[in-house]
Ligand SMILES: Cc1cc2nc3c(=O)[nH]c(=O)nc-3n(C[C@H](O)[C@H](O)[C@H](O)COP(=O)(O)OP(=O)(O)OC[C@H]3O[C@@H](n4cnc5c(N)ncnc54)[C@H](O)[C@@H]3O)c2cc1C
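In structure tokens, the next block holds one chain alone, the form predicted on its own.
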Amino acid sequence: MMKDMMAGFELFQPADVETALELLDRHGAASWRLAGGYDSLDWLKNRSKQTRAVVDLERIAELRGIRESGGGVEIGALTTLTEIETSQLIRERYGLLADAARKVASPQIRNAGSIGGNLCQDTRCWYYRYGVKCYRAGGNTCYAAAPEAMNREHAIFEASRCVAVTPSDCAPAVVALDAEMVVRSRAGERVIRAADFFMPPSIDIRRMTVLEPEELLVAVRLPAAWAGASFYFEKVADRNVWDFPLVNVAAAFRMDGATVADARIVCGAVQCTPRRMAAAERLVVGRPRTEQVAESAGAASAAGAEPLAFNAYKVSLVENLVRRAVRGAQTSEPA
């Protein structure tokens, strides 16, 4: 359980990506990448996770910045959430991500927290984080799935032994934008679709992303195809400041006049990975964003939900958030 103390580790502070990759390669699974540190320091202090080597990325200038690239935009993984939320380039072309970044935690945390850290953070399930030996922690049961468990914040879709959810506000946004994640190791670079970056528990229950121990997320690329689309982001949480989502929705619509030419609708905090609402997307493409279409999309988005003892309210939240996204209320239009 909570220990409120850290075990000893060796701290490395590389000044360039190559040195960081060499350190990650050398220490492998015993290494820990440190970005803003808000999630990492809690893990090292409060739970039985330990590491022999912390690789602090703070000094690596090439991991920061927002720049145009190939008709789209590339964001360095250490770029702060505040920089993303206030960037004129992001706000004009990809307001969905600016809106999502603005909803993360508090201004103080956004000033230091990075886009890479937000996307790669571990789940907030308290059974797991406070040291219970659940499936995700190498045990043989999911305590949050028990009928009497505290599971109001847990998954309603695609649970596979583990019912923990992704806590990231930016994750649904990058999936909705068809972003690409640029990942580097000493062996080279690979580019991963955002939808494939997050790890389902059915494949590897002990990881939230596909990153290997020796790999580093160096950038997020937003494609030109979704620049200037019609966007919608909304987050429902117990508190408006600092809190993690109960459910959030990120939606992008390419319009042909009054008709939806293409759509991406993604919900977070409903399963371990950001969930594409594919049935809802199919319903809206080729149709106007009318009340009738919104109602149909909302109903379709909840199909297949399997709520736990205390989170059935999430089914209605998903339906209503998808309806609101399709209607377009408070949508972020290009500036």
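Quick caveat: nothing in here was measured; it's all calculated off a predicted structure. Numbering starts at 1 and follows the sequence shown.
Here the subject shifts to the form predicted together with the named molecule, a form of this protein not shown in this document.
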property: Proximity of Gly298 to the named molecule in the model of the complex, heavy atoms at 4.5 Å; result: no
property: 4.5 angstroms heavy atom contact with the named molecule in the model of the complex for Gly37; result: yes
property: Leu57: touches the named molecule in the model of the complex, heavy atom cutoff 4.5 angstroms; result: yes
property: Distance check, Asp243 to the named molecule in the model of the complex, heavy atom within 4.5 Å; result: yes
property: Candidate stretches 251-259, 220-228, 187-195, 168-176, one within 4.5 Å of the named molecule in the model of the complex by heavy atom; result: 168-176
property: Option touching the named molecule, based on a heavy atom within 4.5 Å in the model of the complex, out of Val247, Ala77, Ala263, Met181; result: Ala77
property: Residues in 105-138 close to the named molecule in the model of the complex, defined by a heavy atom within 4.5 Å, in order; result: Ala105, Ile109, Ala112, Gly113, Ser114, Gly116, Gly117, Asn118, Cys120, Gln121, Arg124
